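To begin, one chain is listed below as structure tokens, in the form predicted alone.
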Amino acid sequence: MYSVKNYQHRIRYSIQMKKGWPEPIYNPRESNAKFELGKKLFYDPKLSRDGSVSCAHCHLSFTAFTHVDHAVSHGIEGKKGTRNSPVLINLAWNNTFHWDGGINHLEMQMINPIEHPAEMDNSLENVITYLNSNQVYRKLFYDSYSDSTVNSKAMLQAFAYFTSQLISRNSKYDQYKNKELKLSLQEKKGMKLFKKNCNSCHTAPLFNSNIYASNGLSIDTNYNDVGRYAISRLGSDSLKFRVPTLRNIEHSYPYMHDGRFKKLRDVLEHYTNDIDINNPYLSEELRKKIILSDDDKKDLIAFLKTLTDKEFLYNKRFRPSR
């Protein structure tokens, strides 16, 4: 007879702890069945109203689960959203989601793209009806939940299970930290610059933080996006957006919440030359001017490229099953 304590020790959770990493916020029990179900849902365009757009339409595996051909997301019938598609990396450590933090649990995250009129433009009711009419899905749900009748709770859990497994932590930087290889002199110089100028918000090892900040960008008059303020209605949240992860940043352009910058060089130009330190909405961390020479910028970009995780980008397990 096992005690409750011993039973807990026998549970195998889906995300294994790694030295130097915080404990994930979302860590369900390991289940290959739920992973395969969530992946099939993720790649299925029939979840959209007209059957043309899947989650993968805006979140491509080899571009760090975002898209690189549009500044803002494109949904069914070519409809444009107002924000750049965020990367789906290490979501299990996030306590809120989307650029404005409008969702506070990974299992709820998928509702927004399904129902957003400029994305999949469908309803949960229609999606559940479709899934219950499909014998392949009914079997997958039975394998995952011992019940072939599909409901929204199980569907959203399966989505969350798959996206929680999109974990990137084997970049060149990680291998350096594990003493498996050395960084070049240029990369080390860039790392030193990063720690001085960037780490307060983009904190290792996740290279993000669960906060919202205004980085001095002027409002785009095409979208008039006020950021976190739209959720909280607090004046202090005006023009604040989620601090994104910099992992795989080399492959996740264009940058910023509205995709206005195509190159890392453009991003550094903004932080060094374009910020108005008297902007009342500007985050405190940016009120001291960042000074980088041309060589410093090259060194910093060299370091950012050490955050590229090729094992993650080209992991066949994350691609659709044939």
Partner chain sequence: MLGSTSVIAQKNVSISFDLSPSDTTMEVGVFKFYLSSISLQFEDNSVYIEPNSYHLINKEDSSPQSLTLSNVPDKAISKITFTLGTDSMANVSGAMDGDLDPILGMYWAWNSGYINFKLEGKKGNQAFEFHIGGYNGEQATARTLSYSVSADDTIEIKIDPSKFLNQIDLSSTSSVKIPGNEAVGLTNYYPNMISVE
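Positions refer to the first chain, counted from 1. Note that the structure is a prediction, hence the values are computed from the model and not measured.
The next section is about a form of this same protein that is not shown, the form predicted in complex with its partner chain.
Proximity to its partner chain in the predicted bound form, taken as heavy atoms within 4.5 Å, picks out 154 to 162 from the listed stretches 74 to 82, 172 to 180, 154 to 162, 200 to 208. Proximity of Ser232 to its partner chain in the predicted bound form: non-hydrogen atoms within 4.5 Å are present. Although the partner is absent here, His105 lies within 4.5 Å of its partner chain in the predicted bound form, judged by heavy atoms. Although the partner is absent here, Ile128 is a contact residue: one of its heavy atoms lies within 4.5 angstroms of its partner chain in the predicted bound form. The shortest heavy atom separation between Glu250 and its partner chain in the predicted bound form exceeds 4.5 Å. Proximity to its partner chain in the predicted bound form, taken as a non-hydrogen atom within 4.5 angstroms, holds for one residue of Leu166, Leu124, Val226, Leu193, which is Leu124. For the residues Asp143, Glu115, Glu187, Asp220, the 4.5 Å heavy atom test against its partner chain in the predicted bound form is passed only by Glu115.
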